[in-house]
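One chain is shown next in structure tokens, namely the form predicted on its own.
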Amino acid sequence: MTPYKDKEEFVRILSALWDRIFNTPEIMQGLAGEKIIVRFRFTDFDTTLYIDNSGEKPIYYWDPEGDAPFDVEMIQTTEASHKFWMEDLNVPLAIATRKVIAKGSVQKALKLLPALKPAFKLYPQILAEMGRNDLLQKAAAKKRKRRFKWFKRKVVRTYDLSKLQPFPLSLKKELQPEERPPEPKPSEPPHPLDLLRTMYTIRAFEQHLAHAFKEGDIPTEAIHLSIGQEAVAAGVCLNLRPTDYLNTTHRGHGHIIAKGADLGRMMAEIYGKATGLCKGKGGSMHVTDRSIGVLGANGIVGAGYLLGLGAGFAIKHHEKSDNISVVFAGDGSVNQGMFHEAMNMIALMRLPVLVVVENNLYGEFTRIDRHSAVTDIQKRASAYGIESYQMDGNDALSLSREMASVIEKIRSDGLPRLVEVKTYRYHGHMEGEPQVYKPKEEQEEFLQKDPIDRLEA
């Protein structure tokens, strides 16, 4: 519930506060090095405040016409704003619990907090001058009550060790019939219409997520979209069986959709619903569906290589089948130690693992020629004696046919392969960031190579 009488009072108080902040040398000295535009969107009064510190002189303004550019957006209530200025809001915790929804360069915005520390003394002064001593009295009473509770608090520690499972844990739990993956069917090459349908589905799914994230409807602080890379997911996964294993990345929606996940349950998972694939507990970066062989998306860059290694080991030594283990990864991950450890062991143990590296030119915000000494990623496989290929990730039909051939080789001889797929993501590393590191000419060039347009043509 808002502590302010109305929107006009709220705007008047915060305007007076920022006027005073901008006229306080101590604060301005701390803000001088941070060139940033922050947009505060207040949901209960439907008003927007911009703090622009990108020019020579900082300015603030309310409710501009159209969508003015910004680096970070904070979506919150006016009550959360009041608590912040009263030093009664833990910002990282508020972001984690969705009391404040942060978009864009959040870490950059958090760096401003130390510089704003002196401003916390100004806000009570403004409230007093505006005749809102009642808010100051409420805050003081709350602090006294909190101190009293701490003084009287009793610490009780009781642990029932009998509740813990005995060790070692059993690793041989039998799957129930409904949990078992279906038996493999004879593989057929994907029809172009199947590729197109899958790519359209992935794009529509992620375009919805982009809009919902912008509106603050999804309970996550970061979401990573693969719009522009749909041909890779379709070209690889439509050549797989339900019994093949798949490990993917934080940018894995497309792979999991193409592998056959239930769209409704997957969307529910991203929205944090109990009806989701992981009962809403995994979210965007940890979607899992073992009924179709998806061992999970993963927020740890490079972790999929080791998980894929384990799945390959299980196929060879436990299942003794011609299934394969597929690992999706990004170009930034090949500089992780886990990549080299896994590649060495995959080659040494001769495991049926397909490593697909999606080279979209950027490891987070850094171009590949600035983070990798060798930019042809497929060459790295030769250090481990692994056969490798390089493919066009924007040509879905060609990619699908070439992948089918590589997958058939792995099924036949049980040996690993690495495929570098050249592709491009149209959106930022995470949704909402401004992509200032990407040249506009480069973005336009790849828009002309859109994989859906190319397949339709």
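Residue numbers run from 1 along the displayed sequence. Everything numeric here is computed off the predicted structure, so don't read it as measured data.
The protein also exists as the form predicted together with a small molecule; that form is not presented, and the subsequent description refers to it.
- Checked against the small molecule in the predicted bound form, the candidates S321, N90, T375, Q336 yield a single residue with a heavy atom inside 4.5 Å, and that residue is Q336.
- The partner is absent here; in the predicted bound form, the one residue of G293, G104, G283, G332 having a heavy atom within 4.5 Å of the small molecule is G332.
- The small molecule is not drawn, but in the predicted bound form it has a heavy atom within 4.5 Å of G363.
- Contact check for G260: no non-hydrogen atom falls within 4.5 Å of the small molecule in the predicted bound form.
- In the predicted bound form, the small molecule sits within 4.5 Å of a heavy atom belonging to V301.
- When the small molecule is considered in the predicted bound form, R39 lies well away from it, no heavy atom lying within 4.5 Å.
- Residues of just one listed stretch (266-274, 246-254, 76-84, 105-113) have heavy atoms within 4.5 Å of the small molecule in the predicted bound form: 246-254.
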